[in-house]
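Only one chain comes next, encoded as C-alpha cells, the form predicted alone.
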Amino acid sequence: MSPALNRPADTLVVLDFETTGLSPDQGDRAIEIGAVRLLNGSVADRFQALMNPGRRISGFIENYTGISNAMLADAPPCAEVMSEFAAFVGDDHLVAHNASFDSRFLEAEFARIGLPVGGTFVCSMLAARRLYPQAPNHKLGTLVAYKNLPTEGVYHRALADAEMTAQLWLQMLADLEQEHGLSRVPFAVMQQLTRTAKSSVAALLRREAQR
C-alpha cells in the first residue's frame, strides 16, 4: 500500500458539484462547487463558490439547483474558482457521493487550467451500498434519513450536499469501528470496500479487524 493511500480515511476533502448537465465530454460545465475538509474526523474547513460557465443554463437546471442565470452572471469564471479550489484541496484524497460524476467534472475543469487532480477519489455511495445493503436506496437524502443524520433539508446546492456527504462518511467510519472493530481506517480500505462484492464484504472487514 502506498503511503498516500495509507492516510486515515477521516482526513480528506468531501466535495460536490452542481453542473450544467451530466457530462463534461458533451461540453457540460461546473456552476458551483462545495467542499468540506475533514481533519481527524472533524470539519476543519469549507470551500464554496458559484462559477460562470460562459453561457446560460437551462430552466431545468435553474429549478433543480436553485441557481439562476442572474446569480451566475455575477460569479467569477470557472478557471478562477478552480484555481482557488486547487490550492484548497492540494493532494488530499477526495470523497463524493456518486464519485464517478464529480471526478469527471473535477478532472475536466482542472484540465482546462492545466492541472492534475492530486488525490484519489472514493465513492461514498458505493461504500454505503456495501455497509447498508438494507437501506431503502442509496441516494444521499435517503441515507441521511436512514442514519438519522442532522440536516437542514437543503439538497442540490453544492456545500449542503458536501456537508451531508461528510456526515454520512463519518457515520460509516464510526459504524466500522463500533460494529467491526476498525479504528482509524486507512483510505485504501475504504477504496477496497467500494470494489468488493457484497458477498465478500464481511470477510474483508474481518481481515482488516485482525490486522
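Residues carry their position along the shown sequence, with the first being 1. Everything quoted here is computed from the prediction, not taken from an experiment.
Only in words, not in the display: the form predicted in complex with the DNA, which the text now covers.
Only one of 180, 46, 147, 156 lies close to the DNA in the predicted complex, with a heavy atom inside 4.5 Å, and it is 156.
Between the options 172, 166, 51, 61, the residue in contact with the DNA in the predicted complex by a heavy atom within 4.5 angstroms is 61. Every residue of the trio 17, 101 and 161 has some heavy atom no more than 4.5 Å from the DNA in the predicted complex.
The candidate stretches are 109-117, 71-79, 87-95, 131-139, and the one lying within 4.5 Å of the DNA in the predicted complex by heavy atoms is 131-139.
Contact check for residue 191: no non-hydrogen atom falls within 4.5 Å of the DNA in the predicted complex. Residue contact with the DNA in the predicted complex: residue 23 places a heavy atom within 4.5 Å of it. Among residues of the shown chain, residue 65 is one whose heavy atoms approach the DNA to within 4.5 Å in the predicted complex. Using a 4.5 angstroms threshold between heavy atoms, residue 126 counts as touching the DNA in the predicted complex.
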